[in-house]
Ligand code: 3DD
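Below, in structure tokens: the form predicted alone, a single chain.
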């Protein structure tokens, strides 16, 4: 079979050619969807002063001219504002969502149409994303966003969770070793899909495709904890192919997104999904890092009775100092009404816990991926006929355990799983509010500009943006609140050993 024929072979169950060459693939490019997305985008920009300030600061300068940015990040209204900021600064952009449930279809429509286009004559960016993708569709979308119409690839990646970075590295590693593992060896459904993609790409494009793609990538900026962890692992193993900027650990990202964003969006998602009264319910938050702290604040704000689980003694002590019980899930699982995972780790809530939960306990994740809750093992019970899976509405499912005896009338109990274990605030609601994402995305734009200008000077390392840029992001947002900063005198600055204009804290300072 020749290359053209292999390119047109459909990928798994998608019905879509492997290398489709499509200008975009979204759910709805109707005038109504474009209008809705554009109006929400206009409203969001009022709440995104950081991105607006960067557009004004670099107006006409095009600091990203020549940048070819592949973005893998939730395709929301706020992301559309990020995309159009990158384009205004000179970048050429292609985009994919980083989660099968997080796309807001009207946001995708607005991004494809562009600020100067329409549904009939789109002039925006190529987007490959829609809400409710299958895993095979998701990885197909990632491949489409990585490959430009002329067959070239990006020179920068903007990643969230590291999936785009992951597939490039895996592709290169298997080209180097000469052998791609068999799909049957995969220990998860998602890995099986990735291996299927790599096998089919090799059949279509040979055994140097990924090396060619990676050779032009100058760097990546990574949005979130799990993706950053993957990058640091590659640095330790000596396998990182290009420089990376860790956006997640900028204070104006980690605090705004992880704490204040979750404080807003967790209960928003639970209430939209279930309409349950949270007040008085017992809620267990697994993890008390930044995401856990925001989640606890969210639930306490609705007068839930909250406890946490922790492995880190410092985080656990912080919880105790706030009057929050620190427990283990095994000890208390029968007593709680709501369970929220926030850790970024795997196998936090297993089937053994779900079997013991109260009837109609709510289970959700606001950490990352879908493996904080062992959805794979739960689905195995569904396949075996031991558990019934009942869709209440999209992204809200009842799992009915047939053989337990603590449900109604001594029969089997049920639990409610939100967003199939994936990010509940994006699957069941609209994610973090625009102001929060302005802080995160201002960091992303500055990271992309830094990589575009200086990537080669970093080497194959992971770097956090310098403190003065972190403070700049904060400054850009203070005007929205009418805040006025105090200015140090020269004498005061000398006394504490900092410049008058900052930065004001050492890199070791804990905010």
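Here the structure is a predicted model, which means the values were calculated and not measured. Numbering follows the first chain given and starts at 1.
Keep in mind that the form predicted together with the ligand is not shown, yet the notes after this line are about it.
- Okay, which stretch from 187 to 195, 111 to 119, 270 to 278, 437 to 445 lines the ligand in the model of the complex, with non-hydrogen atoms inside 4.5 Å? Comparing against the ligand in the model of the complex, the contact stretch is 437 to 445.
- Message: Taking the ligand as it sits in the model of the complex, is residue 430 in contact with it (heavy atom to heavy atom, 4.5 Å or less)?
- Response: Contact with the ligand, yes.
- Message: Under a 4.5 Å heavy atom criterion, is residue 76 part of the interface with the ligand in the model of the complex?
- Response: Taking the distances in the model of the complex, the answer for residue 76 is yes, it comes within 4.5 Å of the ligand.
- Task: May I ask you to state whether residue 253 is within 4.5 Å of the ligand in the model of the complex, using heavy atom distances?
- Result: Looking in the model of the complex, residue contacts with the ligand include residue 253, since a heavy atom lies within 4.5 Å.
- Message: Check residue 284 for me: does it contact the ligand in the model of the complex (non-hydrogen atoms, 4.5 angstroms)?
- Response: Close contact is absent here: in the model of the complex, residue 284 is far from the ligand, nothing within 4.5 Å, heavy atoms only.
- Have a look at 425, 85, 221, 165 for me and say which one sits with a heavy atom within 4.5 Å of the ligand in the model of the complex. Looking at 425, 85, 221, 165 one by one, just 425 meets the 4.5 Å heavy-atom criterion.
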